[in-house]
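Same protein, same chain, two forms; see structure 1 and structure 2 below, as C-alpha cells.
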Structure 1
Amino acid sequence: MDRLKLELPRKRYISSRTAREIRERLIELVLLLAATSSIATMIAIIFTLVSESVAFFQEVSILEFLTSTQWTPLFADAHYGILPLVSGTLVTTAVALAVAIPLGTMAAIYLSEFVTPQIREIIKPGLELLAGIPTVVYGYFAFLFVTPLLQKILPNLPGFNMLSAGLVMGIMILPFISSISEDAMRAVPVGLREGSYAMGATKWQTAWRVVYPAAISGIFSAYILGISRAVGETMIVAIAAGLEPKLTWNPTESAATITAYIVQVSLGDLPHGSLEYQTIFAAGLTLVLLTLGFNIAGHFLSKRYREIY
C-alpha cells in the first residue's frame, strides 16, 4: 500500500515533465520555423528571378544587357541595355542620400546628446511618423508641391525630374537613418563621454569626435539600410521622376528607374513567357544584385570599423 502511494506521485511527475518537454520542443520548432521563414522566402525570390532571367539571357546576350545604352524592350526596334535604368536608380538614390545622411546624422546627434527628455518625447515620434506615410502620398507630394517649388528656382526644370523625386525620397528615409543612428550612439558607454569631458572637451566635441566615431559601425548600418530603401523605392520615382529610360546623370532631367520600369510593364498586357515579360525579372535580378552589393559593402565597413567595449 505504501509503495503504491509513492508510485502514483512519481508517475504524475514523469508525465508532467514529459508534457513540459513536448511543449518546449513544439515552441522551439515554431521559433525555428519563424527564424528560417525569411531565409526560405529569400531563396524562393532568388529562384524565381534567376529561373526567369535565364530564359531572358538565352535570347539577349549579357554583354548587350550590361553595355548597351538604350532600353527599349517594348518598341519594334528593341534594345536591352540596363544602363539607363541603373543610372536613373543611382541618381535618385544619390540625391536622396545627400538629403537623408546629413540631416539624419544631425538629428541622431541632437536626439542622443543634446535634447532634453521632454523635447525628445515630442520630436522622435514626430520624426518616425514620416516612415508611416504611404509612398504614393510622397510621390504626389513631390510631383504637385516640390516640383513647382523647385521650378521657381530652376525655371527650366521639367515637370518630371529626378531631383524632386530624390529630395522627397531623402525625407522618406530620414527616420530610418536618424532612429538607428541614435540607437547606436546611445549604446556608446557613458565612460567615454565622461572621459572626454574630463579632458576639457565641449559637448559638441564629445558628440562629434568621441561618440560618433565610437558608434560608426551602427551608423554605417543605418546608412546601408537607407541606401537599400532608396534603391528599392517605387512609387515616388514612378510618379515624380517620369518613365522615360535614358542614360543621364543630370538630376534635373526625367528618367526611369528599375523599380519604375517594373511597375510600368507589370501593369501592361504582356503575354506570360514573352521576352518583354521576362525583362521584368532581368531588371529585378539586377536590382537585387545592386542591393546585395551595397549590403555586402556595408557589412565589411561595419566590421572594419566596429568598436568592442
Structure 2
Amino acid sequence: MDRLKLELPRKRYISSRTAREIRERLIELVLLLAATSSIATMIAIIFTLVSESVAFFQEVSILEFLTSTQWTPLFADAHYGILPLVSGTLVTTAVALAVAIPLGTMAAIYLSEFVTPQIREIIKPGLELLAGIPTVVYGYFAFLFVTPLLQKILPNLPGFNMLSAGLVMGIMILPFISSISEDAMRAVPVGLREGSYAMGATKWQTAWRVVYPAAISGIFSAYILGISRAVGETMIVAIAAGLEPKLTWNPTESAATITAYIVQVSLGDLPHGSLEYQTIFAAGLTLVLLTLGFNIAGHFLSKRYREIY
C-alpha cells in the first residue's frame, strides 16, 4: 500500500480526495432533503387544512360551527354545526373500542404469557392478516353480513346503523391493539415474572397483576393508536353507518361521521372554492384536532403511568 501511494502523483491524490469529500457531502445533502420530505408533508397538511378552513370561517361563525346541532351544508336551509358529525364519530369509535380493547388485551396477554413461542409465531401473523384487509371490504362485510345478522336479534335495527359499523371497526383495529400490547408485555423483564411465580402466584395472577401494570405505558400507546384508527376510519362507516348527520348517542341509529361526510361530499362534483368545498376542509381540520387531542392525552397518560424498573 505504501509504495502504491508514493508512486501516485501527489496533486492527483489530493484532488481525488477532495472529489471524494465533495461526493460524500452531496450524497448527505440529498439524503437530508429526502428526510425533510416528511416535514414538508406535515406543513402542507396543516397549511391546506388551515387556509381552506380560514376561508370557511369567514362565512360561518365559529360559534355556530361549535354549537349548532344541525349539519345541513348542502340544503337550501344550510346549518353548519359540527356536533352531529362529532357525535357519530364518537359513538362508532366507542363501539369499536368496546370490542377491540377487551379482546385485544386478552389476546395480547394470552399470546405473551400463555402460549409457547412456536404457537405465537403462527397465531400472531394470522391475527395481523386482519389489519391487511382493505377497509372497503370490511364495509361490505358490515353492511351485507353483520347488519342482517344483528337484525335477527334486534328486529328494529335499521339497515344503516352505527352498531354494526362499530363492531366491524373493532375487529379491524383488534390486531393493532393486540400486537403492540403483546410487544410491550414481552419487553417486561423475566425477573418480575419469576419473582411473582416465586411468591406462589399463578400465571393469570402474574399476567394481570404484574406484567400488565408493568407494560401499561406501551399498552396505553396501543389503545391510543386504536382510538386514532377508529376516529379516522372512513370506508366502513361510509358504507354501513348511513350518511345522515344527526345528533344522537344511540348506536342502533344511523348517523354520519366526519370522515363519511367528507367522502359523501367528495363523490359529488365539488366546485373549487365554494363553501361546500371548504366544509370538507373544516371537517378535516376538526378530525385532525380530535386525533391530535387523543394522542396528546395518551402521551401524558402513558408518561404518567410509566413503570421504571
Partner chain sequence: MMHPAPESESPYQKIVDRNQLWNRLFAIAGLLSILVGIITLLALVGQLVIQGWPRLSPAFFLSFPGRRPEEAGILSAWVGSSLIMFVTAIAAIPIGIASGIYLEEYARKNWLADLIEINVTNLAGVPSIVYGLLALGLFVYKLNLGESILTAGLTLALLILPVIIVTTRESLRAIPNSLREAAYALGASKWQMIWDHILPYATGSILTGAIIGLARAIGETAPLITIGALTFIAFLPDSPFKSEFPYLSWNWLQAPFTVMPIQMFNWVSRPDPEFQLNAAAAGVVLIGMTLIMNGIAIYLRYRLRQGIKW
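Counting starts at 1 and follows the sequence of structure 1. Keep in mind the model is a prediction, meaning the values are calculated, not measured. The term rigid core refers to the maximal set of C-alpha atoms that superpose within 1.5 Å between the two forms.
Between structures 1 and 2, only structure 2 derives from the form predicted in complex with the partner chain. The listed residues are L154, W208, L90, I43, and the one at the hinge between rigid parts moving between structures 1 and 2 turns out to be I43. Rotation of the smaller rigid part against the larger between structures 1 and 2, from C-alpha superpositions: 14 degrees. Core superposition places the Cα of A35 4.4 Å apart between structures 1 and 2.
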